[in-house]
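So this first bit is one chain, no partners, the form predicted alone, shown in structure tokens.
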Amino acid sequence: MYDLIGGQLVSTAFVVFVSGLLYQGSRFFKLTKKKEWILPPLAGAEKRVKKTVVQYIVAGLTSLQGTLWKTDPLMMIVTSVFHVCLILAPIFLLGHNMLLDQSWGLSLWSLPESFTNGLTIVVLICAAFFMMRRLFLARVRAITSFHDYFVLLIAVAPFLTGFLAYHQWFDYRIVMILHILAGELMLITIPFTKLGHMLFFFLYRFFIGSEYSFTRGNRTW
């Protein structure tokens, strides 16, 4: 069973992950084709079109005054830290890179194990913050569904099981199987759940013009 979970299922998960992202990306570009203006552009629109990329980025950063940076800075900080650690920990984990090297002959630069352990702890703390916020903050609980809890669990499970495996708590083999399954489940569900914002965040910010975009954008939604 371990060989199946750590072999064929891993490859299948990566295939579904990459294929799913490619499908969602192509779907995004198909649904956001440039459309004709129904109403005439607002006065000064031509001048705005001539802005440089830098000017649009500055304008986009200025517009953040109406976002979480202004309304809920604690949530914004926790969210930013959570996502940074969520990306750094698995990609630059020594154990993962050793497996990559053994399987595909690829190896990335690795962070010290004590450091990635710290990143994992930060991820778990941030996840607990999100959970408490959804459970006890009325305005957040009102718009929370089972899907939101499920997605949060999927995102956190690989880190929780990885943390338990690293410290060799409970039965190591069982925890490792759960860790691998959790990672595979996360990869498979990313393109088809709210976790897909790892792709759409960049597509929205760079291809669709809005008050939150980093550039003018040349597609419509």
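What you see is a predicted model, and the numbers here were worked out from it, not measured in a lab. Each residue number is its position in the shown sequence, starting from 1.
The same protein also has a form predicted together with a small molecule, omitted here; what follows describes it.
- Though the partner is left out of this view, Y172 does reach within 4.5 Å of the small molecule in the predicted complex, counting heavy atoms only.
- The small molecule in the predicted complex is approached by Y166, whose closest heavy atom lies within 4.5 angstroms of it.
- The closest non-hydrogen atom of G183 lies within 4.5 Å of the small molecule in the predicted complex.
- Using a 4.5 angstroms limit between non-hydrogen atoms, V16 is distant from the small molecule in the predicted complex.
- None of I77, L99, I125, L137 but one reaches within 4.5 angstroms of the small molecule in the predicted complex through a heavy atom, and that residue is L99.
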